[in-house]
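One chain is shown next in C-alpha cells, namely the form predicted on its own.
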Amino acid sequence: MLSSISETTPRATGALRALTNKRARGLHLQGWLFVLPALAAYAAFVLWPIVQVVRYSFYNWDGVAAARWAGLANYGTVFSNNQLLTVIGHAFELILFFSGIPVVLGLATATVMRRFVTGRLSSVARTVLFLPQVIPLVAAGIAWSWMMSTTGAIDEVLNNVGLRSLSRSWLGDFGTALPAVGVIGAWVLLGLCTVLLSAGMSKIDATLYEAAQLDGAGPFREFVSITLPGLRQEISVCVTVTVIAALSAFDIVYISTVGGPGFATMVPGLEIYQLAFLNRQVGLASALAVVLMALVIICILPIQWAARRGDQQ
C-alpha cells in the first residue's frame, strides 16, 4: 500500500508540474499576442526607418536616380566638413539653453512654489508655467520672432529704460541669433521641468524638512541635503528630455531664423532637411542623421547610468 502511494505521488507531482508549465506557456503566448500590435507598429514606423536611414548613409543618392555605393565616404564628409562640424557644435551650444537654464530655473521655481505657494494658487501657477508646452511651437516661434525684432517688445522695453544702445534684431544679429533661439527653447521647456520637479518635491517626506528645521538647517541646507537627493530621478528625466530637445531642435529654428543669419543658427535637424530635400544629397543627410542619433545616445546613456547608480547607493 505504501509503495503504491509513493509511486503515485511523484507521478501526480510531475503531472501537476507539466500542467503548470503548460499554463505558463499559454499565458506567455497570450502576453506576446497583446504586445504584438504595438510591437509591429514600432517595428514598422521606428525600427525599419532607422534601418533604411543607416542603409542610405552608405550610398550617394539624389532620391530619384540609381544610388551609387559610397562606403564610409559620407561619414568622412560629416567629420571633416567644417560646415557640418559647426552645425553639430551649434546643437551642443543649445544644450546650455535648452537643458541648463530650464533645469536650474525649474529647480528654483519649484522650490519657491513649495515654500510660499500653496493650495489653488499652486495649481494655477503650474498651469500657467506649463502653457508653453501646450502652445504649438510654430506659434511660439512666430511670437518670439515678433518680440525680438527691432520694433518688438524687447527693444521697446530697452528703449524705455534708457538702454537704447542694446537694441538690435536679436534673431538677425550674428552674435545673438543662436542665444536668442536658445532663450526661446528655454522658455518652452521651463514649464515642463518646473512641473516635473514640483511633482517630485510633493513626494518627499515633509518630516525630513521638519527634522532639518529642528536641527537648525537653513533653506540652502534643506535644498542641498533633502531636495536635491530626493529629486534625482526627476532631474534625470528633465535633463534627458531637454538634451534630446536641444540635439534634435528643428521647429523653433526653422520658424524663427531658418538657420540664419548666414549659418549662425543652423542645427543638425535643419541641415539634414536641407541636405535631403533641397540639395538632394540623401546619403550625406542620412549619415548626418545617424551621427546625430549616436550623439544623442552617447549623451543620454551617462545620465541614465548616473541616475541608476545614485538610486543604488
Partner chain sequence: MAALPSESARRLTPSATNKEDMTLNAATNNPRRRRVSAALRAPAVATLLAAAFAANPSVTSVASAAPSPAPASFATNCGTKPITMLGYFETGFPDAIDLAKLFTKQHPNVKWDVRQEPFAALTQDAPLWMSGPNAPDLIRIPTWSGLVKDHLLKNMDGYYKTFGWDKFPASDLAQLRVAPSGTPTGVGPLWGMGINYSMTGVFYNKALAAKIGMTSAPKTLAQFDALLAKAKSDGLLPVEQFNSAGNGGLIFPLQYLMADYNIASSGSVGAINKWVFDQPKATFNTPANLKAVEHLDQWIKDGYFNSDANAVPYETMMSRFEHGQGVFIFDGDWESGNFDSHFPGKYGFFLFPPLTAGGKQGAMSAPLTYGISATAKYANCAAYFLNWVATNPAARELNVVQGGSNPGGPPNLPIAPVKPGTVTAQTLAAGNVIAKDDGAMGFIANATGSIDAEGLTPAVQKLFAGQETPTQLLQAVQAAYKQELSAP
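Residue numbers count along the first chain shown, from 1. Computed from a predicted structure; not experimentally measured.
What follows is about the form predicted in complex with the partner chain, which we do not show.
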item	value
Which of 108-116, 122-130, 167-175, 226-234 lines the interface with the partner chain in the predicted complex (heavy atom within 4.5 Å)	167-175
Any non-hydrogen atom of V138 within 4.5 angstroms of the partner chain in the predicted complex	yes
Partner contact for F263 in the predicted complex: the partner chain, 4.5 angstroms, heavy atom	yes
Any non-hydrogen atom of W32 within 4.5 angstroms of the partner chain in the predicted complex	no
4.5 angstroms heavy atom contact with the partner chain in the predicted complex for L301	no
Residue among N159, Q213, N81, S202 with a heavy atom within 4.5 Å of the partner chain in the predicted complex	N81
The partner chain in the predicted complex - contacting residues of 30-63, heavy atom within 4.5 Å	F45, V46, P49, I50, Q52, V53, R55, Y56, N60, W61, D62, G63
